[in-house]
Structure formats: C-alpha cells, structure tokens
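As structure tokens, one chain now follows by itself in the form predicted alone.
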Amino acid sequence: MGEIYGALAMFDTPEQIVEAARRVRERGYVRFDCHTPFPVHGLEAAMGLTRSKLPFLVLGGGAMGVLAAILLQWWTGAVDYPLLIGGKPYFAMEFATPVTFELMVLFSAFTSVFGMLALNGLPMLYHPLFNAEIFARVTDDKFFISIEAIDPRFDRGHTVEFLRSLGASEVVLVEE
C-alpha cells in the first residue's frame, strides 16, 4: 500500500452525514470534508464552517470598478483631452454614471468568478479520493466523509474504527 491520503466513510442518508459530521468535528478533527450528491441542509453548521470571504472580495472588486471608471473619465475629460462644449464642465458625475455603473458590475463579476475559483482551489483536475472505488457513488445516492491523514488527530486504526462507530456502511483508507 502506498502513502495514505486519508480515510473515507460512506453513509446512506442525509441525516446520517449531518450527525456524523457533527461528531467528527466534536472529536477534534479539522482536516475533513463531506461529499454529497445534493445540498444537505444543516451540513455547514455541523461541519463548523464559517461564512465565505467572497462577498468582501466582490465588494472590493466593485469599488475598484467605480474608482477606475471615475478616474478614467476624469483623466480623459479634464486632463488629457479637455474640450469645452456648450459651457459644460470638463468632468461631471451625471455624465459619468452609466460608465461607472457598468465598470462596477464588470469588476464585481470578474472578482466573483475568479475569487470563487481561487477560494475553492479550482481548477482541480485530480483528487486522491478518485482512487477509492466506492467514491464513484457520491454523484448518485451515497454520502461521504473524508478525513485527511495530515489531520493532527488522524490515526489509521482509531480513525477507521471511529468512522465505523458513526454508522458508516463502508470505510476505506485512500491512497495518494
């Protein structure tokens, strides 16, 4: 057997996975994840996950879009190529509003997409869990908890027995 990535436990119902995730967290494991074929209500709270940082990133991206739009329009209209047309000012916010709004939306959208990819560690074309034959059922009808071997509390024997005690229908060690 090669280097161990971690332990993988298979559960049959959403209720089992939520309870198992809660107990895994209570046991002190920090490097674990849950894998389900559909969103399971209450799983985030059971895992102890915190809110995402993505909204703050998107807010920052939108603010950068507003700043870039205003600076661009001020520079081109009042500094680089000033034209006096009908007594209007070189720069006025009324005329800059549509472009400012559009750049805010554009920068926010790009920040949202690329921030989500970065925070999720994507694109990830390979994951060690793909080595486990039973993991193929995650997209069908089974629920899984994986505990990584780099977790400070991970011990091959104790972790496998603990996962079995949670009611897992099958527990396997996954190779890297």
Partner chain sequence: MAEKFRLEEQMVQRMRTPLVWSAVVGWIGCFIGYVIDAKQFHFSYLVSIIYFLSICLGALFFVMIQYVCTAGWSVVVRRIAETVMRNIDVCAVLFIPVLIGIPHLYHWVHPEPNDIILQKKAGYLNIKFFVARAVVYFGIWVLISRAIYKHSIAQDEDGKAEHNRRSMKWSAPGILLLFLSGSLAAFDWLMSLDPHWYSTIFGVYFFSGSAVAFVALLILFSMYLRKRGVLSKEITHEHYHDLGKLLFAFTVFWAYIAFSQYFLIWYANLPEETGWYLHRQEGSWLWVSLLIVFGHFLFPFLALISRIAKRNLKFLSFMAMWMMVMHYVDIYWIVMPTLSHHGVHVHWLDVAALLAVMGTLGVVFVSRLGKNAIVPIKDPFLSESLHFENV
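Residue numbers count along the first chain shown, from 1. Rigid core: the largest C-alpha set superposing within 1.5 Å between the two forms. The structure displayed is predicted, hence computed values, not measured ones.
Keep in mind that the form predicted in complex with its partner chain is missing from the display, and what follows is about it.
Distance check, Phe95 to its partner chain in the model of the complex, heavy atom within 4.5 Å: Residue-level check for Phe95: yes, a contact with its partner chain.
message: Can you tell me if Arg51 lies within 4.5 angstroms of its partner chain in the model of the complex, counting non-hydrogen atoms only?
response: Output for Arg51 is yes: heavy atoms within 4.5 Å of its partner chain.
field: Any non-hydrogen atom of Trp75 within 4.5 angstroms of its partner chain in the model of the complex
entry: So Trp75 does not count as contacting its partner chain.
- prompt: So, in the model of the complex, is Pro82 in contact with its partner chain at a 4.5 angstroms heavy atom limit?
  reply: No - in the model of the complex, heavy atoms of Pro82 and its partner chain never come within 4.5 Å of each other.
- prompt: What residues, if any, in 118-144 have a non-hydrogen atom within 4.5 angstroms of its partner chain in the model of the complex?
  reply: Stretch hits: zero.
task: Answer yes if the Cα of Val79 shifts by 2 angstroms or more between the shown form and the other one on a rigid-core superposition, and no otherwise.
output: Comparing forms between the shown form and the other one, the Val79 CA shifts below 2 Å.
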